[in-house]
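Presented below, as structure tokens, is a lone chain in the form predicted alone.
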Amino acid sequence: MAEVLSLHNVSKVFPSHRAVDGVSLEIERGEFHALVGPSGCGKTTTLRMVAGLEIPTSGEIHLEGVDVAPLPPYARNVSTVFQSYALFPHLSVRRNVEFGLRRRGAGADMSLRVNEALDMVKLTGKAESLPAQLSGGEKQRAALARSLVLAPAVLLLDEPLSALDPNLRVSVREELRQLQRRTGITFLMVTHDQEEALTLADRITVMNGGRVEQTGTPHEIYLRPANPFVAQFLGAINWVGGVGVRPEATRIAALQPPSGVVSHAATVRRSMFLGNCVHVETEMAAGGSMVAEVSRFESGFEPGAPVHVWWNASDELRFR
């Protein structure tokens, strides 16, 4: 797929700090791309520069082959879904969705386009409702419809699910993924939620300290992280002798472990029931601790019990 958006050595310097430091990034047409990283890593500032809400201190932002860095937001073929949804409280859902089209001087097909957008997000029956009459998930879908109706080259999403409760977030996450697949519009999402990024994105860019640490598919980022920061940010990890091992790749045995594996004698410190699994925290005889993820149906790992923790060498995460 050809790239639709690219950033070339983009930086943003505020009086107090350098928020983004030489970021280069390519977003492919039709992909769902996630920017992740800890608070203050520069991901939101990067998104705002793409939207035109911040002007880069240096660098270029190419949208469909044109450098849009000096252009105002309305001159860019992008649309943004904000964390707060930013719906106009005095306008109905329909009028909210129409708003951008009216500003762009939409023609006679405006009503048809609005109806299609509302149908796409399953809000046809709420078209005349005010935002205050909507649930959190419905507000999020109304904000999506308002952006999608503009048919942007890139849809920008700033923490789109963070305002939802955990149960609703899971269902809306699936709706968002299906919506992106149906429309084929390029989505660029900022999120601090690692699971959200791994579940939704075709590719993920991990940022830290204003810089890009790694870009890759969820599989690549999780199983072949470029450095310890990426490894630890994308999920729990055990560190032993300079090597990282995920808890789900760490095994535990009351008796001798299988042959041909890496193993250490240890003592159970405690077990943590997590519903779908149990994390068994151990103290190794050689020093250090490790957490093994086991089935909730396994038992016998009581505090103080002698065990062996083991893993396959192929599951080790090594860094140059």
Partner chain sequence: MSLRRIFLLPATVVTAVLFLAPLAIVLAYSLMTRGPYGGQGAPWTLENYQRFFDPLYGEILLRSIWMALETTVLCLVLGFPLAWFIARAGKRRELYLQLVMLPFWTSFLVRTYAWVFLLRDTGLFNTILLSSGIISTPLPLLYNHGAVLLGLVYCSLPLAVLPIYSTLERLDYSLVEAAADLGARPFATFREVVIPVSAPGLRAAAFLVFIPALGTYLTSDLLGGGGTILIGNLVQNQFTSARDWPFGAAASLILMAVVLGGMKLATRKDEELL
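Since the model is a prediction, treat every value here as computed from it, not as a measurement. Numbering follows the first chain given and starts at 1.
Only in words, not in the display: the form predicted in complex with the partner chain, which the text now covers.
Asker: Is there a non-hydrogen atom of V78 within 4.5 angstroms of a non-hydrogen atom of the partner chain in the predicted complex?
Answerer: Although the partner chain is absent here, V78 would touch it in the predicted complex, with heavy atoms inside 4.5 Å.
Asker: Indicate whether L71 is a 4.5 Å heavy atom neighbour of the partner chain in the predicted complex.
Answerer: Contact check for L71: no, nothing within 4.5 Å of the partner chain in the predicted complex.
Asker: Please run the contact check for A285 against the partner chain in the predicted complex: heavy atoms, 4.5 angstroms, yes or no?
Answerer: Heavy-atom contact with the partner chain at 4.5 Å: absent for A285.
Asker: Is H264 close to the partner chain in the predicted complex, meaning a heavy atom pair under 4.5 Å apart or at it?
Answerer: Taking the distances in the predicted complex, the answer for H264 is no, it never comes within 4.5 Å of the partner chain.
Asker: Heavy atom within 4.5 Å of the partner chain in the predicted complex: which of L198, L179, L87, V243?
Answerer: By the 4.5 Å heavy-atom cutoff, the listed residue in contact is L87.
Asker: Only one of P218, G100, P247, G137 gets a heavy atom within 4.5 Å of the partner chain in the predicted complex. Which one?
Answerer: Of the listed residues, the single hit is G100.
Asker: Tell me, please, which stretch of 49-57, 275-283, 256-264, 31-39 lies within 4.5 angstroms of the partner chain in the predicted complex when heavy atoms are compared?
Answerer: That would be stretch 49-57.
Asker: Counting only heavy atoms and a 4.5 Å cut-off, does the partner chain in the predicted complex sit next to every one of R173, I204 and Y222?
Answerer: Checking in the predicted complex: none of R173, I204 and Y222 is within 4.5 Å of the partner chain.
Asker: Can you name the residues of 128-165 that have a non-hydrogen atom within 4.5 angstroms of the partner chain in the predicted complex?
Answerer: The stretch touches the partner through R146, L150.
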